[in-house]
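In the block that follows, a single chain appears as structure tokens, in the form predicted alone.
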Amino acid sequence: MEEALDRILVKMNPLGSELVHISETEGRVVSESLIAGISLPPWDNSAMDGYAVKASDLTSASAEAPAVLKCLGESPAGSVSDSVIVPGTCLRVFTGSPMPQGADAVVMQEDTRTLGESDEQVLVLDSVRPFESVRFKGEDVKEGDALVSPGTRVSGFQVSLAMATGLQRCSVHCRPRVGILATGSELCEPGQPLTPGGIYESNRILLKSLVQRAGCEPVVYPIVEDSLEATCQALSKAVEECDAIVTSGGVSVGDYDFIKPAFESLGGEIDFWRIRIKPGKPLVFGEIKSVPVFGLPGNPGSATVTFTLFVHPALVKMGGVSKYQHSHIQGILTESMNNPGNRRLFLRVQLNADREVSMSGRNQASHALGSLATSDGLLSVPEGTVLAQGAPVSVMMWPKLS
């Protein structure tokens, strides 16, 4: 498995970049560092509503012996006062108001009372420490700081931070367009009458969701019948229109499996076929005209496992992410799990709030959708291994947006 993944990842290169408005970057991968345009806060300001003061004026202030200060006026947030605080004076300020010259602390409004109707005299009922309730320029972010490093997928929090420093645009990697093909003459479109011997096709919508979780743009193509000509036509069209291709079905050794012959007919190169895992052994990886093509098995369990293990990391790298690791959660087995075979086994499992791990269904066959639909992730069981009930295990969670 590790060798196969290494051989895939070495072929993956990030796409080019485009300039977008910073408000549209959530979920995108930055290709250049986002640099803070200004400091945050941009100036010393008040952390609350109250009065900007000299702390030394209030050393002995208390409810029993309040200090009396002359109020020089007020400075709402968004304005700058030209008042200078000297001993015995104060200025009414509000949350976010720039600190006036001469002030070194803010006393909370709740610790004050005004005298008379003019509000020119303020009784302060408590002392304050120097710099109390003051936010300092640059204490959060300094101008020129790197906010987001290249190769990082931007979160909504990071978008908000970048906008707060005045950034308008940034350079992001282009999203890979990933073609999705499903092959099989037995496949029927949902909503149409089911033909004798037919099954409704559902892998494309499954793969579409997985492609989106990798941060890519899915391009879903019509069902491909089992013939070399149809498979070649579909692959050729996808190669011209997409940055990568994921196919479902037609990768085994049957008389109606045409993915590998289509590779050869189109002049492509197959890097490898078959991996020592279960489910998902007949995975094909190669390139057609330098476009990576992942030939996944047609059974949904196999397709999901191979996509998660191999295609997701590859697409994430193609999308520009510099570092990626699957998310794992530690848990305890509620039952023993046995792999007597000679291939690494991946079981679909559930993880409850107490981090107890159990199989998501008794039917773990590669075609079974029920155990897939109720699962939280995969448990790897090495070949020839029994994991005992109560054993600590690591569950690979199904990917979210990476």
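Each residue number is its position in the shown sequence, starting from 1. Computed from a prediction, not measured in an experiment: that's the story for all the values here.
As for the form predicted in complex with a small molecule, it is not shown, yet the points below apply to it.
Q.
in the predicted complex, is there a heavy atom of the small molecule that lies within 4.5 Å of any heavy atom of Asp243, even though the partner is absent here?
A. No, Asp243 stays farther than 4.5 Å from the small molecule in the predicted complex.
Q.
in the predicted complex, is there a heavy atom of the small molecule that lies within 4.5 Å of any heavy atom of Ala214, even though the partner is absent here?
A. It does not: once the small molecule is placed as it appears in the predicted complex, Ala214 has no heavy atom within 4.5 Å of it.
Q: Check whether Leu187 has any heavy atom within 4.5 Å of a heavy atom of the small molecule in the predicted complex, and answer yes or no.
A: Heavy-atom contact with the small molecule at 4.5 Å: present for Leu187.
(Q) I'd like to know whether Val84 contacts the small molecule in the predicted complex, with contact meaning heavy atoms within 4.5 angstroms. (A) Val84: no contact with the small molecule in the predicted complex.
Q) Of the residues Asn299, Thr89, Thr308, Thr112, which one places a heavy atom within 4.5 Å of the small molecule in the predicted complex? A) Answer to the contact question: Asn299.
Q: Scan Thr231, Ser97, Ser248, Thr304 and let me know which has any heavy atom within 4.5 Å of the small molecule in the predicted complex.
A: Checked against the cut-off, the match is Ser248.
**Q.** Stretch in contact in the predicted complex with the small molecule, which is absent here, among 165-173, 266-274, 290-298, 89-97 (heavy atoms within 4.5 Å)
**A.** Residues of 290-298 come within 4.5 Å of the partner.
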